[in-house]
Each structure stands twice: as C-alpha cells, then as structure tokens.
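Starting off, we have a lone chain in the form predicted alone, written out as structure tokens.
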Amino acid sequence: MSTTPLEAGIIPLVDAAPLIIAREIGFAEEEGLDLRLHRAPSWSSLRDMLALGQIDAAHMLSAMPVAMALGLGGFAERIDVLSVLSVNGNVIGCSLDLAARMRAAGYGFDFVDATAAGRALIAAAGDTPRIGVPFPFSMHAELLYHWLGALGVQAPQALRVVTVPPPLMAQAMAAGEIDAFCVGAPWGSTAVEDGVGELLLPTTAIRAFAPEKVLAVRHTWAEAEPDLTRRLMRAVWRAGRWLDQEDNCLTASEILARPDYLNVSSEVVERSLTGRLVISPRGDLRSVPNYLVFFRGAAAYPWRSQAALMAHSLAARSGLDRAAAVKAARSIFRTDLYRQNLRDLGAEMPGATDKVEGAMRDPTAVASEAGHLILEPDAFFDGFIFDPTGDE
C-alpha cells in the first residue's frame, strides 16, 4: 500500500499514546500515512520544531498554542488545534522530606481532597516552595496556580516555579532542586519508583476533566494540506477509540514502554492507563477515576470554551486584554475541521462549540448531532465556573 510520509513530534509521555498507537497498530497506515514519530527533548524544542516546519504535527501542551496565539512564548506562528489528544493524566508530587513533614502534621494523603492537600502542602513547605512544571504555558501550571491561588497563595508570585522536562522531574527532585512537582504520566510514578518522592494529589481532584495534550499543526499546513490533515485526524481519533477499550490496555502498555518511546517498565505505564497508582515508596495504592482519558465523553472534541478559559487566565496574569485574548484563542481550536473530517467515522459531535466550563459535577447528557451524548464531570474543586458567553 502506498503511503505518504508525515512527520510528527512527541514528548515521551503516556498521553502521546494516540500518535504512537496510530503508528504501531496501523491506523495511520490504513489512512495512507507513513507516520514518522520524533522524540523531542523538551517542550520548547518541540514547539520550535513545529513552528519552523521541521515536523508537520505535534503532541502539544494544550496551553502552548493558546499562549502563542496571544503572542506569548517567542513565536508568532499560528498553531491550530485539530483535536484533544488526552484529558487529565497529571499528578502533584512532593519530596520525601516534605511528605514526612506533612504526615507529622496529621495529613493522611487521601489522594482526593484538594483543599486538605493544598493546605497541608502550604503549611509544610514554608515560604516560596520550589515547584517543578514541564513548561510555563501548560495545564500543569494553570492547575497549580488555580489550586494554590484558591487557597490563598498569591500565585504565581509566591511560588518558585522551575521548568523541568518531564523525564527529568524525578532527577531534579533527587538532586534537591525542587520540593514538589506537577507532571504527566508516567514521570510522577517514576519518582515513586526511584524512591525520591511521593504522590500528593491527582490533578483530577483540582479540575475533574482538563484538556491536557492536543494534536497541533501549523495553520498554514492545515490550509495547504487538507487531505493530509483529514487522514491524520482520522488515524489519531481511531487510536483514541482503541485506547478506550479495556482489553487493549496491556498491549498499549507494552508498546508505550518500548525504548523508542518511554523506555520504562510496562507495569508503570499500565498504572497510568488504569488509574491505579502507587503513591509512595511504601507501596500505598490509590485508584483514580478518569485519571487519563483519550476518548469517552467526547474527550477529543476541541471545545472552544476550553481555549477561551486558558486565554482568559493567561491574559489576566500577563496584563493582556482579556476579550482580545479569548477571541484569538477560540479561533485556533478547530471544531470546524473536527466536524468535517470525523463525522462519517461516527465521532460524537456536540451540538455546540462551547460549554460552561466547570459546571458539571455529575455525568451530564447534552445535545449532539446524533441526539445526545454523556459528558464526564468537569467541576473545579472550589466551585469555579467559566461561562464563555459572559463578560470577558
């Protein structure tokens, strides 16, 4: 079968799975693509590779193209979001010393209560804790600032936020360079496996359904290559559907664990895919519903309200005009291409391009082209709600 080469960049994370599975299980080939994956050493290098045309598509932090649309981060190139690759998947962890102080003060590491965890961390960490995040413009940073800000910390001013590539987070903690981190799977679990940290909280306890990674391309490429755009979107969507099937978990874990991808044990990868996490070197176990989601609840749909919320938050911290920022960000989440290219595959199509972010505390039926679909809970721990139709 004749295939067309398509170059895509990834960071070694479990949530790169839709691109990896699209290649390894054959969905890309069935769409006529020779999907070639390139591991980047950091998020900034991946951004540069995409912006400069060295790759065609990328597994990208959801907030990164939004920041670029606002003129933040060094590149003016417009990057479009074709779909959401993954929802959730991050954990907050802390050093063994910090965990011991929290336990001594009576905190029980229940892995559920964001308010109790945050207060315990603030009390034990002292002034300006050093917290590692993979990139300044990321859902990691957005959730961290929202969480601690809601608990009275002046975020980010009262924090020392350190940028650390995900695979190096455990190493940074072992070296004493950070006191805590927010990082994607499997690198929080790796810190536990290496005996240098404990897991404090899944970020689902802060925001129940947060868009984490996206399938990103240059706007000019999407406009110039509509057929390749369509084939790429379809291959990745089909991979996400495959990942949603429990029977495929073991196979997916073994593929992702390979040296070419994550180069960790398949057991650690499987924990991330199932949400059954070991949170301490003592072997304490916690189970997290919706820890990492690729498909269900229309997870792949690029809600423009998700972009609007990120833009609103970034603009508020950066002193930018919020209404202009929201307008710029909404345009890059391509719900139009999602509908056009995936409708005939049976992809769930919400009846709207926006929703009120944070309003759902339970599974909720919403209108769709097929009648209705069930969206997963998306509430914030503090009751925060963002209405994209409100004053910006």
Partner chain sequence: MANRLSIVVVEADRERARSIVDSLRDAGDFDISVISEVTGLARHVSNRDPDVVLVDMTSPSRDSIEELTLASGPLERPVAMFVDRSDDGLTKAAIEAGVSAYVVDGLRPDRIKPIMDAAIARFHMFHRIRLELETTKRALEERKVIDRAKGLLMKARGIDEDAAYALLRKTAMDQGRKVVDVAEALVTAAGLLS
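What you see is a predicted model; the values in this text were computed from it and never measured. Residue numbers count along the first chain shown, from 1.
Same protein, other form: the form predicted in complex with its partner chain, not shown, and the subject of what follows.
Against its partner chain in the predicted complex, the set Leu52, Ala76 and Phe137 is in full contact: each member has a heavy atom within 4.5 Å. Contact check for Ala172: a heavy atom falls within 4.5 Å of its partner chain in the predicted complex. Contact check for Thr163: a heavy atom falls within 4.5 Å of its partner chain in the predicted complex.
Looking at Thr220, you'd find every heavy atom of it more than 4.5 angstroms from its partner chain in the predicted complex. A residue is said to contact a partner when one of its heavy atoms sits within 4.5 Å of a partner heavy atom; Thr364 fails this definition for its partner chain in the predicted complex, lying far away.
Between the options Thr353, Ser331, Ser42, Gln340, the residue in contact with its partner chain in the predicted complex by a heavy atom within 4.5 angstroms is Ser42.
Shown without its partner, this chain lists Asp113, Asp244, Glu193, Glu177 as candidates; in the predicted complex, only Glu177 has a non-hydrogen atom within 4.5 angstroms of its partner chain.
Shown alone, this chain has one stretch from 29-37, 355-363, 321-329, 52-60 that lies within 4.5 Å of its partner chain in the predicted complex by heavy atoms: 52-60.
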